[in-house]
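Quick heads-up: the structure tokens below are two forms of one chain, split into structure 1 and structure 2.
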Structure 1
């Protein structure tokens, strides 16, 4: 394959991984109204969980169980779900920006654990030499890249169809009712705490799955893969694409990842080498600019919520910028 084709395969594979994360976040925010600002923490749990379960035995490190990749991937998802269950039980009584601040702090804590728990995570050096699924069956790395991309696209398609079925089910309609008016949903006798926890855990398990797939694709994991900027990238993808719509989540993932990579390419080509470190801040500024511009000029995102949705055409801004239920004591109430 040509260099452009190889890069396109890489681009689409990473975009597919991020699309799974955004779909998980959309379930939490777009359909349930849970402002999870710690998404990157659960992404890290899934990635490290998969790496530790699938990685080779190392004398100086805990883990290295050498499990088959599909089993290790499932284990990473379960670990993310367990982490989400623990965090959810402790934090989901919070609302709006209070939940956002708490989950963001938890994500930072997870990243610091990955950085400092060297005997488990390899510390700043990370875990290297991780097995890539089924790579030993392909002599041509370009062919393997195409097969991995096809598997990723199939995975995204299956998750998309499953979530579409879920949000159209009675449970999915209950999520929408909870998002729009929690007080009314509680008055109907619904167990609000259980529903919020279910959506939170399911969304985080999808995020953990994406983390494990990232490890399988790259064959390496380190704390630098889970810096806070990734949280804002994921949120930008959802806001630009349009929350409350799974198709919007997919479009937003590809669009924002494309902007990020193209801006990086332009910086590397146009800015002198000595100023690359400073110019890299332009990419971070770009994420903020994209979020603000979308909220100002197209608050529903590129693909707004369907006409049948209660919030079609309305802003998908997080509650820091737009409190949903202030008048009813919802999103803005004190914890």
Structure 2
């Protein structure tokens, strides 16, 4: 493989990890209208959960169960589900920005726990020596990368299809009803609290799964991986791609992550060596500029929410009225 191809395999692997997180957030925000600003916290729970279950036994640590990777991954996912259940029960009666502030605070608390609970998480030093799944069966690191990517794409594909089925189901329409008009949904006799909790936990489990996959891919985990900026990156992916549309979530993950990383590559090519130190700042500005421009000129994202399409499938559902009230939802504007 050429260097560029090897890099693209690597890039797409990381992008597909983020795609899973964005799909989870899309379920919460795009379909249900839950403003989760604590994504990175559940990502951390999944990552540490997987790392502790799969990691080698160490005298100084509580964890290190040395479980096979798929089992550890599943365990990490369940742990983030449990964390989400606890957080959800405590906070989901909050709405909008209140929920955002609370979840943001919880994510920071989780990162601080990771930083300070040394006997479990290794503290600031992180956990080293984590196994990369099945890496020992491959002599060629490039081939391993390709196989890992294939597994990731399959995982993303399955999750995408499952979510598409879910949001077209009666339960999915209920999520939308909740996002659009909670009072009306309650008037129809629906258990609002339970549905919000279900969507929240499901989305966070996907986030946790992605955290575990990240640990498997990198082979190391430390609190530095879970700074609040990641939450911002994930949100940028969803908004740029198109909130309320699973395909938009995928496109957004690849686009924003590509912008984030390849802008650096491009700048390192175009800027003379003497100015590389300044180029870093240019890159950061460029990222901000593109995201802001997208919001200004294409607020619905690259692939906006289809009018009814995503929810009612290709059935003969009546066209949705153009003057729906979008103020409560995350779908942006109709074109």
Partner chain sequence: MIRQRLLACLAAATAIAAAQSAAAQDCTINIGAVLSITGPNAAIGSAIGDAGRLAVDHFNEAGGAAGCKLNFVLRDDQGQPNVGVDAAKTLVSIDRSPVILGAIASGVSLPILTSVSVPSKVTQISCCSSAPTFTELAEEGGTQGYFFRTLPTDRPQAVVMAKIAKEKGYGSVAIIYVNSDYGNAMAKNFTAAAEAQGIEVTDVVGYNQEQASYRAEVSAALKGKPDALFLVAFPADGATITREWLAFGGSKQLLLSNAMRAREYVEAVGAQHLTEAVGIDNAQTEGPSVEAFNAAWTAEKGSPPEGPGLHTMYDATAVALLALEKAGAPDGTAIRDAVREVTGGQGTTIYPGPEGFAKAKELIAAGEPITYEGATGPIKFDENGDVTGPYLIWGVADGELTTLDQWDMARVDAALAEVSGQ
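Positions refer to the first chain, counted from 1. All of these numbers come straight from a predicted model, not from anything done at the bench. Between two forms, the rigid core is the largest collection of C-alphas that superpose within 1.5 Å.
- Only structure 2 comes from the form predicted together with its partner chain.
- With the core held fixed between the two structures, residue 67 has its Cα displaced by under 2 Å.
- In the core-superposed comparison between the two structures, the C-alpha atom of residue 288 has shifted by at least 2 angstroms.
- Shown in the overlay between the two structures, fitted on the rigid core, is a CA shift at residue 265 of 2 Å or greater.
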